[in-house]
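Next up is one chain by itself, shown in structure tokens, the form predicted on its own.
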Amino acid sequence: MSGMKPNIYFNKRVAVVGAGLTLFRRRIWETPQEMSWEAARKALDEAGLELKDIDCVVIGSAPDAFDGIHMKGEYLSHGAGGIRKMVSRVFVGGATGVMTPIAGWYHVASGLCSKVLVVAEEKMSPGRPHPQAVFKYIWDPITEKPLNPNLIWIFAMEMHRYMKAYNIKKEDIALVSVKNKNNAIDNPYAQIPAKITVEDVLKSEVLVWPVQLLDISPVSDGAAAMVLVGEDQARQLTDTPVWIEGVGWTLDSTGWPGRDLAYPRYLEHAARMAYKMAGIERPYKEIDVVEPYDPFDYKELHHLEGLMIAKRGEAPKLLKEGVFDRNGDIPSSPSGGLLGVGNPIAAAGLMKTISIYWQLKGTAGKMQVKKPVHTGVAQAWGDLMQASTVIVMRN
């Protein structure tokens, strides 16, 4: 109505005060509801809260077909704690994991809720004969479906274009898998931690060239959860809140064939939105630790460039110099990333957000980076070089 003042303002500070993860594994016995509650219970315990204290629940989960359940948001609401509470579900493909805490941030920052439980879950194992089969319905029926593509097929083209555009060697990309799987050895939730070499990656099975078996994250089941509260509640619950200072997202067109695959334009737009909110002008100088989305090893490098932490085509060089090691100048994927911890799609992105939370709180255990950290970024990506979500956090 004309002349009325809006009653919702996005001016409340929002803090993370608790987080929880399940194991990331293939063919977990627990149901999606049980996994969701296991993660949620851990997050509530850390926050010192009970389910009755929570006002709203935000659920993140990717295609319903993974769990074989229609209307998965409704199905998960009971296990996620959404009993007689307002519940919402977000779904933006692989970008869901970071969009889930972003949606939770909006619930608190707007004043709609004072305490929000954010839960992300994925159970990919039931996909038959392989979870790739779930994606066969996403292609344009006229221009793409006749080619009978799958996701590895598509991203092999992107990886090849990235290598060609910047003269990047396959062995330089393989270093990401070596680094992340080694980092995952210190992560108690990790599915496939390992000490591997570049030679191991280069000798692994070719899936679709240049993508090989050790270039790619595994099929996984798992859940993750966080508790978000406003500033007044945060001060009562903890002496070490971690603040969400910036959020950003973007959704580009679905027309991937006409796009330059060498650079993730979709991510740069999302990053600029989050950085502007957080007051970051020089990300390569101001970000202390980063968790970029790494379902493939080349994507970590791709995304470090889209986050403007490295210049275009220069992330492999910085990786070789040790900049992105856990004891480097800008540690990247200290958790072990999707390559080492696992990739239950929605839960994977929230796992990366939780990793930044742990780093900033100083509770990452053996995963803790060596240098003091005050600003961290987590990022996820979904669909066909199309969607990305970014969250900036500070202690």
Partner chain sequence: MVTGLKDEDLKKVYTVTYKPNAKYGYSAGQAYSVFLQGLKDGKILGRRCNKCGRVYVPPRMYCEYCFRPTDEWIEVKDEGIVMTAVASFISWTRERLETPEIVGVIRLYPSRDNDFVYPGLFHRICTTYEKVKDMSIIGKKVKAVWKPKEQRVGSINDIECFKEVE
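Quick caveat: nothing in here was measured; it's all calculated off a predicted structure. Positions refer to the first chain, counted from 1.
What comes next is about the form predicted together with the partner chain, which is not displayed.
- Proximity of His130, Pro210 and Asp260 to the partner chain in the predicted bound form is complete: all three residues have a non-hydrogen atom within 4.5 angstroms.
- Residue contact check for Ile330: none of its heavy atoms lie within 4.5 Å of the partner chain in the predicted bound form.
- When the partner chain is considered in the predicted bound form, Trp153 lines it closely, a heavy atom lying within 4.5 Å.
- Looking at Gly255, you'd find a heavy atom of it within 4.5 angstroms of the partner chain in the predicted bound form.
- Using a 4.5 angstroms threshold between heavy atoms, Trp243 stays clear of the partner chain in the predicted bound form.
- Here the chain stands alone, but in the predicted bound form its contact with the partner chain, taken as any heavy atom within 4.5 Å, falls in 121-129 among 284-292, 191-199, 121-129, 313-321.
- Residue in contact with the partner chain in the predicted bound form (any heavy atom within 4.5 Å), chosen from Lys276, Arg235, Lys203, Arg265: Arg265.
- Heavy atoms closer than or equal to 4.5 Å to the partner chain in the predicted bound form belong, across 143-178, to the residues Thr143, Glu144, Lys145, Pro146, Leu147, Asn148, Pro149, Asn150, Ile152, Trp153, Ala156, Met157, His160, Arg161, Met163, Lys164, ordered by sequence position.
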